[in-house]
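As a starting point, one isolated chain is supplied in structure tokens, in the form predicted on its own.
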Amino acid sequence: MDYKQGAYKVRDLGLADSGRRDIAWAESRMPVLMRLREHYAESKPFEGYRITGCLHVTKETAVLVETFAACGADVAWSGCNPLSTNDEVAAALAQAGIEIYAWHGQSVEDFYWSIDRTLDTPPHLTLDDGADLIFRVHNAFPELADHIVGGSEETTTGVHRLRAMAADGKLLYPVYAVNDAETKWDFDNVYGTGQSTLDGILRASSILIAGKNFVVAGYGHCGRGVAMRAKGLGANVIVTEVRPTLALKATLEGCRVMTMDEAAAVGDVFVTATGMKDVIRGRHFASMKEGALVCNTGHYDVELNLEELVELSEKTSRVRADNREYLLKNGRTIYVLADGRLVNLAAAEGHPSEVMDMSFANQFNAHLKLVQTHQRGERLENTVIDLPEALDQEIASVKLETMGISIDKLTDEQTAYATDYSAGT
């Protein structure tokens, strides 16, 4: 494994050429982010700032990393999941001079070692997907917080935890909730997760989706996207939920809704998308059909209680890439994809470049706002902050423009009418 102290640790630098081709492909599909790179490459607003990131090392992430670097930032990076790093892309970034510590198949010790190396030089800005970097700063290196201007968080689970930390008065610096931007959650989470999760399932199993009872645990934005794509491939979609409103929405959108105890006995394919632990546990595995396929598309690998599955099993073996067979003591077999990690990133390539274009444009703009605030000598409150709604509309407008799509605009009279409370019937 290639390792140069203080610079990078990746699987194999010889993979860099392949990774560079992947990055070039992503660039061709991410026009909004590339436009931001072109616009700010000369003025270099991030010059003098170190951005430390902990986010899936994919070809799309590489476009964001290199956009920051092109705009003046000193960048250090690690992956936010032990199984989500694309080794070719990591090698390409290392070869290009980016400080990066990431490789596919890390142990838990490797994972935190990599994060710690990105913190050897104190950052000014942090960028997270799941908040592991932020938690590491708070729990192991709290003295760094005084040096940090602010950060950003990419995913739902991370934002929820950071809001809880802020409510408890424990958050040490401001963090933008990039996940909560409409051009992120209503596109990346729905269409990105939906497509990439099905992609991961098909790569790991090659099963026919049509006709299967397809159980989706959680009908939030990610779960809704998975259900939508499974239904489009001909599956009979079953949803399990704990929120009455989401269960009602799933019902009115054509899904069957039941408890996991009920679904476990009839499902053929199970996908968890809740952000909660122990969604599928021993009693559910014990009642599943012969050959049931189980996976997770939530950020952390706690949604499937695999320890309880092991207790029910006589033996386990890997039957194909990212696909592990468990032979239960009751004689049935269950297949777990990607060892319960994010199936869309561990078994596939993550979200398509086109949808990550908007998510990462939000990331760029969040950090630009942090730098501009810092340069004005201001300090934001130590809380979780939403990006302005106007920025969402601007990103969506640019995306439409790059797609060759035009939309209407309100006239002055219509704008006035929209706020004219004196107008009646």
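Every value quoted in this text rests on a predicted model; they were computed, and no experiment measured them. One rule holds for the numbers: they count along the sequence shown, beginning at 1.
The same protein also has a form predicted in complex with a small molecule, omitted here; what follows describes it.
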| query | finding |
| --- | --- |
| The small molecule in the model of the complex: contacted by all of T61, G350 and F360, heavy atom 4.5 Å | yes |
| Residue contact check: A92 to the small molecule in the model of the complex, 4.5 Å heavy atom | no |
| Proximity of L55 to the small molecule in the model of the complex, heavy atoms at 4.5 Å | yes |
| Exercise: I238 in contact with the small molecule in the model of the complex, heavy atom 4.5 Å | no |
| Contact of V32 with the small molecule in the model of the complex (heavy atom, 4.5 Å) | no |
| Which of 133-141, 278-286, 98-106, 342-350 lines the interface with the small molecule in the model of the complex (heavy atom within 4.5 Å) | 342-350 |
| Single option in V384, M356, V65, L370 placed near the small molecule in the model of the complex, where near means a heavy atom within 4.5 Å | M356 |
